[in-house]
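Take a look at this single chain, the form predicted alone, given in structure tokens.
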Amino acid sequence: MFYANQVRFYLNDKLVEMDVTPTQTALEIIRALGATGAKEACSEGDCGACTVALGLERNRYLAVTSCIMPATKLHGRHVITVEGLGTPENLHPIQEVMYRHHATQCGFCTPGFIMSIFCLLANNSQPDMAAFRKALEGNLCRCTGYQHIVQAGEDLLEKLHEGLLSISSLFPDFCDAVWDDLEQSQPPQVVPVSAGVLPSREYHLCYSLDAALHALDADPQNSRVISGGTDLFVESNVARRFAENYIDVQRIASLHTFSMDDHELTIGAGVTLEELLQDARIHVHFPLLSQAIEMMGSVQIRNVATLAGNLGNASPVADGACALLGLDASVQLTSSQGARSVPLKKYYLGYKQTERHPDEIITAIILPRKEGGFGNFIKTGKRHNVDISSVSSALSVQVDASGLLTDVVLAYGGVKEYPALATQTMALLQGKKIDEILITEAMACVEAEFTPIGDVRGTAEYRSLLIKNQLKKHLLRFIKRGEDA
């Protein structure tokens, strides 16, 4: 039997109640309902043409790429598109300033830019230009109109800072009425549908861990656990690979816990990358992780993606997994039989193969606290952000009173079938004091540890060069305490 989810959400000021199948995307539904400002271009969440504002609660709207968002996730949410902000006769302030600065060019990407700017201002009442640029890192302009967009941003922020424009005036008038209704939302109804040519049977939008585990136990071999879906729905769009069943854990409250004591940090599997990036505790106590997350995807991706998803998808070039391995993390795996903790260095078994059993869900990631040491993350890709790494690496060390390295952890991504530790190089560095001779020896050692393959992101020879050069950069940054040599 195949099923659809009967979802209820608002698209701008209109209530929508409809059945959506497991593999339909939010963008498909939004465009079918007439909001065609959101465009499909890359189908991978890279270009931002499909960006919409997703309201999770009153006055909290996140920029998301709707082309890789499952349509079922719209249930109980408020979606604002460019059509909901203004009309040709009555432009929204953001639309007006973009128009006045000739920042529209061909206009294909403009709605995505406008929605990203709207979400920036909805969550930050006093942004600076650095924040403005950061908010647009996931939006591509094919006509190279960036300078006009920047000028529009400067004008907009100047008006905000001078009090000529208020944040409250940027929200459409219908928002309060929408949330008065949505705050009463219930879980979606599940209805049978004709099998037809549907590639997937079920999509479970779970609100409790028990419900998710119950759904997983029903068919563990053919089910995929999904949170942000930023990897899985790229596979669906591009490679046309689908799971028979999807089990969505993003709305399970217990997975959004985030706690730290004197010994460790516990990150719930539902905590998003952007939430981690904005948390001061990560910046202060785990700067290596902040460095990695800042280079992972765009704001639209980080608003929904999770570290647990990085581990669950088990990509050999997952930046989050490389950083966590460098921090000596453990992963908590939970089934209906109970929970267990597995050191991340023992989690990977082969390409896309892990210690996680088919009936288990990743529920938390645990990082030991090691105060006073040095941590650094490096990523090399064709673009600084929003790109898959050619090679990434993470170095974490402590230093004793004599200046000797202790607790050395060196991890790499993109160099073998899964993120891996450079154990021989770690042993070489352990108990040593960094000098020019040791750096040269360590570079030769780490280059010999891995035999990378060549692909579209780099030849084997190029990756081998990156492996040793990244280590040199780590060690030079250690000497200069974080500054590039």
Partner chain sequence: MPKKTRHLSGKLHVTGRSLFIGEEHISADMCHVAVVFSTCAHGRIISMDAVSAKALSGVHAIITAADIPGENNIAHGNNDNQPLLPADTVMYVGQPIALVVADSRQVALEAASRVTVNYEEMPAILSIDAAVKANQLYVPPRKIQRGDVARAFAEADCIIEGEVKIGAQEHFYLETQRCLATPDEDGGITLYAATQSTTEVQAVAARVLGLANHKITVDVKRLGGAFGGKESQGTLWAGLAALAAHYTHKSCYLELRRIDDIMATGKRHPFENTYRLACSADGRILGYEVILKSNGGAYIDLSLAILERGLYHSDHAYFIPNISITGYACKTNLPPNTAFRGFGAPQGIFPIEIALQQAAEKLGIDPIEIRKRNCYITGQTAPYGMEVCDPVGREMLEELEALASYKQLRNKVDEYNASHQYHKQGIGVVPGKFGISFTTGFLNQGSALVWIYTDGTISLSHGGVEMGQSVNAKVASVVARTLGVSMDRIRVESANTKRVGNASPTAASTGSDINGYAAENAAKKLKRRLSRMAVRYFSERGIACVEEDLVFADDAVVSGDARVSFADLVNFAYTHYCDLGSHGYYFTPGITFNREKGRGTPFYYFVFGAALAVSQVDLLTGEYECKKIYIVHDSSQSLNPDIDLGQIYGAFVQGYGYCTMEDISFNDKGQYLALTPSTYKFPTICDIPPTFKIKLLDLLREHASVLGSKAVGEPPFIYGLAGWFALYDALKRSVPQGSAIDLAFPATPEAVLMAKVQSAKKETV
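Numbering follows the first chain given and starts at 1. Nothing here was measured: the structure is a model prediction, and the numbers come from that model.
Below, we turn to the form predicted together with the partner chain, even though it does not appear here.
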The partner chain contact in the predicted bound form: residue 272, any heavy atom under 4.5 Å: no
Exercise: residue 373 in contact with the partner chain in the predicted bound form, heavy atom 4.5 Å: no
Residue 107 within 4.5 Å of the partner chain in the predicted bound form, heavy atoms: yes
Partner proximity in the predicted bound form: residue 434 to the partner chain, non-hydrogen atom cutoff 4.5 Å: no
Candidate spot 201, 215 and 360, all three touching the partner chain in the predicted bound form (heavy atom, 4.5 Å): no
Option touching the partner chain, based on a heavy atom within 4.5 Å in the predicted bound form, out of 111, 312, 268, 229: 111
Residue among 369, 352, 281, 383 with a heavy atom within 4.5 Å of the partner chain in the predicted bound form: 383
Proximity to the partner chain in the predicted bound form (heavy atom, within 4.5 Å), stretch among 327-335, 142-150, 299-307, 352-360: 142-150
In the predicted bound form, residues of 79-108 near the partner chain [heavy atom within 4.5 Å]: 82, 83, 86, 87, 88, 91, 95, 98, 99, 100, 102, 104, 105, 106, 107, 108
